[in-house]
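Taking the form predicted on its own, here's one chain by itself in structure tokens.
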């Protein structure tokens, strides 16, 4: 019996997932993302952050100050949600809106001193959450899943960029 078949048999009565559903890539990716999001939210709770918040703070640190529309586009966050996230991060003193250095009509989002201070701690917690989530896999499989997902994401990102 395969390890996956053993796991399926070990599930409590009524908790089994029908095979046709387990054979759907969308279901698997969505369920894995949901469980990772749960793990991440618990880890980041001491800072009141979500995984999306952490990603946006990290994006600003890496790319520099940008208008929130550009951040949202790159992070695949819709305009309304992006406004809410930036408003929340600004209320907590982690980011601030300032005049854009080259576009007088736009505001750029900057990390505050508090945002810069909290980011390494939050990033450490986020990485630990990812390790915990992936700890059920052998090291070889963890590396492979990262490689495959990076390839998939970058390939689609490149495809979308070439359509514009």
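Positions refer to the first chain, counted from 1. Quick caveat: nothing in here was measured; it's all calculated off a predicted structure.
What comes next is about the form predicted together with the DNA, which does not appear here.
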item: Answer range among 131-139, 102-110, 54-62, 115-123 for contact with the DNA, defined in the predicted complex as heavy atoms within 4.5 Å; value: 102-110
item: 4.5 angstroms heavy atom contact with the DNA in the predicted complex for residue 97; value: yes
item: 4.5 Å heavy atom contact, residue 74 and the DNA in the predicted complex; value: no
item: Partner contact for residue 91 in the predicted complex: the DNA, 4.5 angstroms, heavy atom; value: no
item: Residue contact check: residue 69 to the DNA in the predicted complex, 4.5 Å heavy atom; value: yes
